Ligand SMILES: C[S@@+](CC[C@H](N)C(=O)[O-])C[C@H]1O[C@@H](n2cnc3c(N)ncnc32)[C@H](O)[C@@H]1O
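Okay, so here's just one chain, in structure tokens, the form predicted alone.
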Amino acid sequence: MSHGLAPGFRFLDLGAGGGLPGLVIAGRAPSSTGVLLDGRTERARLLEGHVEQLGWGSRLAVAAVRAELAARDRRHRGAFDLVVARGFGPPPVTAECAAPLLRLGGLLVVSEPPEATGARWAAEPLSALGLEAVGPVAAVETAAGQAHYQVLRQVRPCPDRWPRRVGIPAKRPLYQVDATPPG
């Protein structure tokens, strides 16, 4: 799949955890710059060590801050061509926290469980955030098997009211995801 990102794109790994996929993106796209965002201080310290060890400190930053707060920070709001998320949270939480970080035309790429369908990404609430699904959940062959992901594009600027205060996106999601597996 063509990602449509120009060389030197700027990305953010939302809930970076151990650094996947952010460190992989940084390694595969050496002209990119990025932010590994994780609200857990201990994880951020670990990521800082990885970035230092790899010698990527000039192009990769680590931010130990909650996504809701980062999305309100002028340095991050509307600043990224690509936001990636692997295990950050359910679709409505991920979308609400990611949309304000994307520039117009930017992409949100979210790892999905194998049984996921596009139904987990409700068009109307996503539209309120300025997001639109690029297509159905896609599957890609990897050395470890199939990886599934959803791609969304920021088609309109995210309104200033998003995201809501820290913890509210998870406590009161924009919509409910049907947990029933298909079939």
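Start at 1 with the first residue shown and count on from there. Since the structure is predicted, the reported quantities are computational estimates derived from the model, not experimental observations.
The same protein also has a form predicted in complex with the ligand, omitted here; what follows describes it.
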query: The ligand contact at residue 24 in the model of the complex, heavy atom, 4.5 Å; finding: no
query: Distance check, residue 80 to the ligand in the model of the complex, heavy atom within 4.5 Å; finding: no
query: Partner proximity in the model of the complex: residue 163 to the ligand, non-hydrogen atom cutoff 4.5 Å; finding: no
query: Close approach of residue 40 to the ligand in the model of the complex, 4.5 Å, heavy atom; finding: yes
query: Among 134-142, 52-60, 30-38, 152-160, the region lying within 4.5 Å of the ligand in the model of the complex by heavy atom distance; finding: 30-38
query: In the model of the complex, the one of 65, 128, 122, 116 near the ligand [non-hydrogen atom within 4.5 angstroms]; finding: 65
